[in-house]
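Provided below as structure tokens are two forms of one protein chain, presented individually as structure 1 and structure 2.
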Structure 1
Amino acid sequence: MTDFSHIVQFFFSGLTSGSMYALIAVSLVIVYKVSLLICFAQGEFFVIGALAMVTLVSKGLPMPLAFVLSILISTVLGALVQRMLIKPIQNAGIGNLIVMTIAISLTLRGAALLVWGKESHILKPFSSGAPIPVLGATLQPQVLWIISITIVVLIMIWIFFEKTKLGIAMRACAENRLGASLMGISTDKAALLAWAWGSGIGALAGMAVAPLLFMQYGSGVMPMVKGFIAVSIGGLSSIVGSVVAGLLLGTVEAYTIGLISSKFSDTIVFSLLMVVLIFKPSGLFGKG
């Protein structure tokens, strides 16, 4: 029989993975809201951000500086991908665009293999300290960093989209691209910024969990899949829904692994997705 301390420990585990899924889901929603396209390369930005920070720290850079530079690297890379590979075919049809994002994903994964090899890499924790005892369970200090980063990112996104002219312009592009362009808003610049933001947030998710995972060139596949599931459950255009769904997925996954078996975790997660899509195809928080 599982005691209460294990229940709490599973909750912490679910909160950790759920925060990661939520950040990836948010990065997907930001790109989708402006360009109406799911970027299947977000898993690779997740990996590149983490491995870039591992490399910079190993070269002797202070962790705060390595943190900022890794975000900048991923943000610039995302902007370059949008400008050089997505924009030239933006009118080619949604099918071609989706195939392009998959091709970008495979290309970036291959590039990561060339740069960092097949070896697994781990980043030292953002801060030192012993695990914190909570109700018989233990909470790693890095988990507090992950939760804090998630909260700060969400607050920044809310401030940007609600309180800044640029953010309001991007919201206008998300609601009606033609109407926004007629009002003088550059939809191309909005799409470029969305890709840059999305890539940076995806990288941030990888950097936050890197001290808890062994990172290698292919580590972004399953986080991307789970992030996409969170978006589908929460609603393609809903940041709040994606965050809620990401945390829900992480919690369900953790309790399934802890109380039943890891063999059934993906089955239950995908079953949850199918149930939501059957009864509410637009997602729990999506518009019909």
Structure 2
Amino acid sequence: MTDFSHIVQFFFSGLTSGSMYALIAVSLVIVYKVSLLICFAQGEFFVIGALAMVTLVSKGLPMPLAFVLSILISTVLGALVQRMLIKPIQNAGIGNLIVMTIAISLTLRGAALLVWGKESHILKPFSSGAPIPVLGATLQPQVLWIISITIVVLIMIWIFFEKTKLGIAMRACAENRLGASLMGISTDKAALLAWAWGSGIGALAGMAVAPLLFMQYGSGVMPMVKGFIAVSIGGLSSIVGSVVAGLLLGTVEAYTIGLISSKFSDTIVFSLLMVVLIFKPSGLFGKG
């Protein structure tokens, strides 16, 4: 029998992984909207961001500085990848581009293995403090950080794409290539920016959850796939849809693990993905 406190506890863990999935989903959507490309290497930015921060903190850098630097590293890395690897083959067909992002994923994962080894690393929480008891369950302070970071990122994205000239031009780029050039941004530059944004947000997700998870070089694969599941459910072009779907996925997953079966939770989640893909390929919230 499961009592109420467990239900609350599962909700917190669902919210935690849900926020993580939502952030990765958002990073996928941003890249997709502008360059019509889903990056299978998004999970590697997640890992590299987190592990970079672990290293920087262990070198004695103050948390906030390490935080900003790690985001910067991932952002630059994302932009470099777009410029050096995606751009040269962008006319080679979507199949080759998918395989290229897989190649990038392998390369980055392999590089992370060399830099950080096979062992797991854990980041110290952003703020010290005892777990907070809520309705019989306990809430790690880091979860509050994760949720606030997610909210801040979403607000920033909203401001950027709705209020700034650059963001509006990038959005136009997603909708209409000619319109974008009229607004003074080349699709090329927009794609670069989108990759920078995407990898930065991916890294942020990794850094936010790093104090709760053991991070190692291969930890990015599942979050990336779960992020994609969120995107598939939410619709490839909808930021709001994928955030909702990410949170939903995290919650469903947490309750599945807690109440049904931890052994088969991934079987259930992946079956769910296949069902959604087959019956509603445009996503539950997508149009057309």
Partner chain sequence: MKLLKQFWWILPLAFIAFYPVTLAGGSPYWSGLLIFVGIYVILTVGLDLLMGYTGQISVGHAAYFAIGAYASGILTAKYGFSPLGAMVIGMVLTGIVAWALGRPVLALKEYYLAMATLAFNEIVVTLIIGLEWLTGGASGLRDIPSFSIFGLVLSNHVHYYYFVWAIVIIVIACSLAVVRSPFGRTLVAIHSDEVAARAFGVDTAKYKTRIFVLASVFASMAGSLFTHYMGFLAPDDFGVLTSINILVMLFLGGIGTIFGPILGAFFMKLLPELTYQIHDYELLLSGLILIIVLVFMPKGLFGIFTAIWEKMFAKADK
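Basically, rigid core = biggest C-alpha set you can superpose within 1.5 Å across the two forms. Note that the structure is predicted; figures quoted are calculated from it, not measured. For residue numbers, the reference is structure 1: its sequence is counted from 1.
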item: Pair member which, unlike the other, is the form predicted on its own; value: 1
item: Per-residue C-alpha change between the two structures, L15, threshold 2 Å, rigid core fit; value: no
item: Backbone CA shift between the two structures, L273, after core fitting (angstrom); value: 2.5
